[in-house]
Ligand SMILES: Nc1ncnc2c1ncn2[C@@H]1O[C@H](COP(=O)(O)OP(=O)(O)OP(=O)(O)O)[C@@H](O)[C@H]1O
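In structure tokens, the next block holds one chain alone, the form predicted on its own.
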């Protein structure tokens, strides 16, 4: 199960220039691909294109090929594509249904709309809530939660859908360190279960922990890509508007100061 973009470009309706150019990207079964870049680099746009929302919902024009398991999905309607690819947004208000009166109903909303058996919906909803440690929110009104809690609920709603591919646009932007760790653990578990995940993040420490590879965008093009350790340690990262992970900064500082790097690596592992 591979989600693949080949030579993809995208221009918003009415725009004078493309927002994406020549994007080649593959999300194979069980992979976590991190997506980073400066503001306006095209990260959210790439998420919209990869999920199929652009151009189906937001309009514009796509060039190149987007395929699922080597089948071109250009002619697929959004409802068919959404059964295979889930998308999560930075702002949970755009993700929540706004009609569910409890968190449990909110998380169950998607599977119920797909006609999933009732018992499976109930089991899947509790499992999704449990994976993010928010079972205690099940009876709460989603509209009365904090932004961070709403983000976890939105994430649980995606997990309950059991997507084959998942596109996440800064899913931890409103979360504290504890919430960030929960989402990171959920992403890692999904990948272990075979889901492929594209995740945009400013928290490069999180990507260092969960991503198998990282792509850096600059002005709508791929500037760097490769294994996570290599890309996040690339000295060009800062010039591309991306913060290095703490471990990379520590290693660089230790080398400059002549500190024993073996001891540092042991400390980082601990």
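All figures in this text were calculated on a predicted structure; none of them were measured in a lab. Residue numbers count along the first chain shown, from 1.
Just so it is clear, the following notes concern the form predicted together with this ligand, a form of the same protein that is not shown.
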Inset, instruction - Spot the stretch among 229 to 237, 43 to 51, 59 to 67, 203 to 211 with residues whose non-hydrogen atoms come within 4.5 Å of this ligand in the model of the complex. - result: 43 to 51
Legend entry - Candidate from 26, 38, 222, 243 lying within 4.5 Å of this ligand in the model of the complex - any heavy atom: 38
Legend entry - Partner contacts in the model of the complex for 165 to 179 (non-hydrogen atom within 4.5 angstroms of this ligand): 170
